[in-house]
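Have a look below at one chain only, the form predicted alone, in structure tokens format.
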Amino acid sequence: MSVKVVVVGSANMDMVAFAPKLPAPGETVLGTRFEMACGGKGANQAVACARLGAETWFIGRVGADAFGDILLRSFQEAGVRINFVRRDPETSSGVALIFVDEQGQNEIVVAPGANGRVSNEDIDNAQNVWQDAKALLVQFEIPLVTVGYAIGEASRHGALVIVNPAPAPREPLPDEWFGLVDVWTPNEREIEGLTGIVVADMESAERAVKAMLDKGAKAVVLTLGANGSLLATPEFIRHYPAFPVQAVDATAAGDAFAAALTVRLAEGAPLEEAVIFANAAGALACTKVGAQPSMPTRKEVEEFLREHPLLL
């Protein structure tokens, strides 16, 4: 029987332009191709959780427009429950403009649209969703006040709380969040926003995760791209190397990581095992173009892990 996971967050239509390099400020770069795909950190993570075998429920908003139709259809095709997704007639669906270079690195600008109107009321309207829910996964592409409310509700109902603090917050987070969140999954830029520590190497990465622990974090998994991830708890800090893959697009790799970590923790796996599973999911996401199209299935991740036993 699959575990129940709740994702609260954003849903965007991604518009992706590929080019030999990313433009510098004021520079125009000729691209090589253009694609559109469903995205948004919340939606990506919900689709990933569903593909990894979880009973996944999404709470959020889309516009009453053509993009909203496409986003809802994408959820349904992935098996995500959309009972608590609200169609907002007063604004457009969210849109993300993504630029990807030949090395698979990206730059992203998001116009939130309906995502910016996700409210505490949306969480209250979904009260029944917490019954038997094992975990909440949430990000920062919706108002932070709503993120905090969802964290409180999930904690009150006994669900694990996993926070992917993306994009990096521009203001200090409430101290009480650190006592409610079970696992944080920032990348280098996001943990800099949380701690003020620039991550440039493994030594600075360790300083940053220790700073998170000093704030009261129970566990931190710092994602380091091609350098893997760094797990920190009050008891230990351990580095997990990345799986070697031929990366073509890093878009949403962090979303695949956060979703995989959440699903395995919801299933009762130890944190260390969940990190390895998440590393594999993140690596696989880099081998495909797009956000939701790159989210791996449970079968793909398990086969990948069997093919890379030395990294276990």
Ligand code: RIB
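Quick note: we count residues from 1 along the sequence shown, nothing fancier. Note that the structure is a prediction, hence the values are computed from the model and not measured.
One more form of this protein, predicted together with the ligand, exists but is not displayed; see below.
Using a 4.5 Å heavy atom cut-off, which residue among Leu222, Ile98, Val80, Val147 comes into contact with the ligand in the predicted complex?
Here the answer is residue option Ile98.
Work out which of the listed stretches, 200-208, 227-235, 152-160, 106-114, brings a heavy atom within 4.5 angstroms of the ligand in the predicted complex.
Among the listed stretches, the partner-contacting one is 106-114.
Give a yes/no on whether Ala252 approaches the ligand to within 4.5 Å in the predicted complex, heavy atoms considered.
Flag for Ala252 set to yes.
Check whether Gly39 has any heavy atom within 4.5 Å of a heavy atom of the ligand in the predicted complex, and answer yes or no.
Looking in the predicted complex, residue contacts with the ligand include Gly39, since a heavy atom lies within 4.5 Å.
Contact with the ligand in the predicted complex for Asn44, defined as at least one heavy atom pair within 4.5 Å: yes or no?
Residue-level check for Asn44: yes, a contact with the ligand.
Pull the contact list for 5-27: residues with a heavy atom within 4.5 Å of the ligand in the predicted complex, in sequence order.
Asn12, Asp14, in sequence order.
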